[in-house]
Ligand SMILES: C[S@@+](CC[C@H](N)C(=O)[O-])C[C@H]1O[C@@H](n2cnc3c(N)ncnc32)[C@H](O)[C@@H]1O
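Here you get one chain, nothing else, as structure tokens; it is the form predicted on its own.
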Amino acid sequence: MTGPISLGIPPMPPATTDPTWKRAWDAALYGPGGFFRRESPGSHFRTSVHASSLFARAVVELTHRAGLDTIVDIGAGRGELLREAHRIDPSLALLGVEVAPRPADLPDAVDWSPVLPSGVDGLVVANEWLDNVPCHVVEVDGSGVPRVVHIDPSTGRETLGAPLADRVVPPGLSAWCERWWPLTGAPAGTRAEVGTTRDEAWADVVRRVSRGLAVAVDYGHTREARPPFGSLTSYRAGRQVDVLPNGSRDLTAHVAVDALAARVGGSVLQQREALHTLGVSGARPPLDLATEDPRAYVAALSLAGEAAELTDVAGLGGFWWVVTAVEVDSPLGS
């Protein structure tokens, strides 16, 4: 495996020649014994999939409205989304793409693979996958020069490497920063997480869709609101912990969604808007139902609470959806 999933991402150079954050991040999550090869994501952090079955219902609804009959889930974890999609509509063709082995209790109807198919006619969804695709980290030094950040995976000690514009730095990093995360004139310590690897990974996904929709759902930001010190974060056992690329914890950074959309020609909207369009609402059930059918009222009230969590702009509802339609009309707009 050469990266998070086999998507044409260049193989990792040896640590002795490439001490960058990207290399350490690759190894920590996806190398032999890496975090995502050993651990179930749901044991460490909660996504929309874990928050409510309504998220899976929305994904199935999107598939139906687009006239599709296949769902491919990238970064499928332990198959939670696909299990629920199969329960909702057993006629759907389902494929989970994940570096971890196939879960033993996954329904036989759900296919599983460590690599993407060469072509897809259907809906491809990646929920909180791109934030785990490793990228280079750069930081402005005391002289105002952006430099690639190096990291010792065992200690977490960082040092500054070559200037961003140096010819030894991977091509494209400087141009990407100039367009999407400019650092000229930024004070010392300002950081950027360079989205070239995420853009390329998602572009490769979209290229494989012959007909259908590609939907990336993730933490994100746009050029007007980049985090000045980056967003690198680690989680373990449901708690935010020190950021350390030693394989013991998750490593995540928010996605530059505007750059991603520009690369693949997608539209950008927030999860609240997308889920409302697909029929997920936090509206409380009518009080009359409490008298007519108390059990149905309690069930509906519970779903309304779950919907409210999924659509809360201060939480999951503030996630970004990047939607690209290929030879179909997008139910979420252009």
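Numbering starts at 1 and runs along the sequence shown. Given the structure is predicted, the values throughout are model-derived calculations rather than measurements.
In what follows, reference is made to the form predicted together with this ligand, a form of this protein that is not presented.
K.L.:
Looking at heavy atoms inside 4.5 Å, which stretch does this ligand contact in the predicted bound form, given the options 164-172, 69-77, 226-234, 256-264?
P.N.:
It is the stretch 69-77.
K.L.:
For this ligand, considered in the predicted bound form: do all three of 41, 50 and 99 come within 4.5 Å of it, counting heavy atoms only?
P.N.:
Heavy-atom distance to this ligand in the predicted bound form: all three under 4.5 Å.
K.L.:
Within 4.5 Å, heavy atoms only, which of 200, 121, 84, 128 is in contact with this ligand in the predicted bound form?
P.N.:
None of the other options qualify; the answer is 128.
K.L.:
Examine residue 132 and determine whether its closest non-hydrogen atom to this ligand in the predicted bound form is within 4.5 angstroms.
P.N.:
Residue 132: contacts this ligand in the predicted bound form.
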